[in-house]
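Okay, so here's just one chain, in structure tokens, the form predicted alone.
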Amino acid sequence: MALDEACLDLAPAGTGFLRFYDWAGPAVTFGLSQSYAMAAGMAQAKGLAGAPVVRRISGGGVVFHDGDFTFSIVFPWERLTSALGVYECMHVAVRQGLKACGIETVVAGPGQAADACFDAPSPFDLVLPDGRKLLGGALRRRAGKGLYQGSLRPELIGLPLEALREAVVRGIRERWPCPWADEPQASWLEEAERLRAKYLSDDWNRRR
């Protein structure tokens, strides 16, 4: 979470940056405006009572990181582009990448967001033809740049993880024709290390 914020703040304007990341063990993240007590209660009900529960800088609902496939994208975000437009564009891009691998998906229509990310599809989530949610995301915009944080359930499609990464990269880079950074710069990593204390603190995580 700290590196995502650092990338959002320090990536050059007009460029994109896509990264994939794993988890050391089960974890829970929750949206900026949600309450810690609710997220912790949902983690306990899910059987993740001992897992870290961390507030994101993006919106969205509670996400259980218990085997999901996670990635983040920093991208140019024009002022007049709506959040729903970004979700639709992101998920159409991933849909195109998966289709090239023989995986059929559908971009959901407008709907009602749930407290837990995968309880039900939110507007423009990526779902399987039978309606099961495959991919959801959360957004944050700052100074003409956006951050998308995505969570995908790989067990629903059975695609090898390397092929899944390639599909996401292919779809996103074709859909967002901007210069793309290949690696985080040293200054981004230094800023992420500074921000790490924030995401470990009660002041941040229990602010609501």
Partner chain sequence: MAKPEHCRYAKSHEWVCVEGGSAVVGVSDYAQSEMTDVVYVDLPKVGRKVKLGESCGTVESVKAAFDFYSPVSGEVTAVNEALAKDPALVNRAPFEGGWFFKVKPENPKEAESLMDLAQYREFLKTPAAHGSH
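Just so it is clear, the model here is predicted, and its values are computed rather than measured. Numbering follows the first chain given and starts at 1.
The following text describes the form predicted in complex with the partner chain, which does not appear among the structures shown.
### Query
Among 35-43, 179-187, 54-62, 152-160, which stretch has residues with heavy atoms no more than 4.5 Å from the partner chain in the predicted bound form?
Result of the contact check: 54-62.
### Message
Please tell me whether the candidate spot formed by V86, S122 and A138 is one where all three residues come within 4.5 Å of the partner chain in the predicted bound form (heavy atoms).
### Response
Checking in the predicted bound form: V86, S122 and A138 are all within 4.5 Å of the partner chain.
### Message
Taking the partner chain as it sits in the predicted bound form, is R206 near enough to touch it, meaning that at least one heavy atom pair lies within 4.5 angstroms?
### Response
Outside the cut-off, so no.
### Task
Decide whether T81 counts as a contact residue for the partner chain in the predicted bound form under a heavy atom distance cut-off of 4.5 Å.
Although the partner chain is absent here, T81 would touch it in the predicted bound form, with heavy atoms inside 4.5 Å.
### Query
So in the predicted bound form, does R175 come within 4.5 Å of the partner chain, heavy atom to heavy atom?
It does: once the partner chain is placed as it appears in the predicted bound form, R175 has a heavy atom within 4.5 Å of it.
### Task
Determine whether any heavy atom of F71 comes within 4.5 Å of a heavy atom of the partner chain in the predicted bound form, and answer yes or no.
No.
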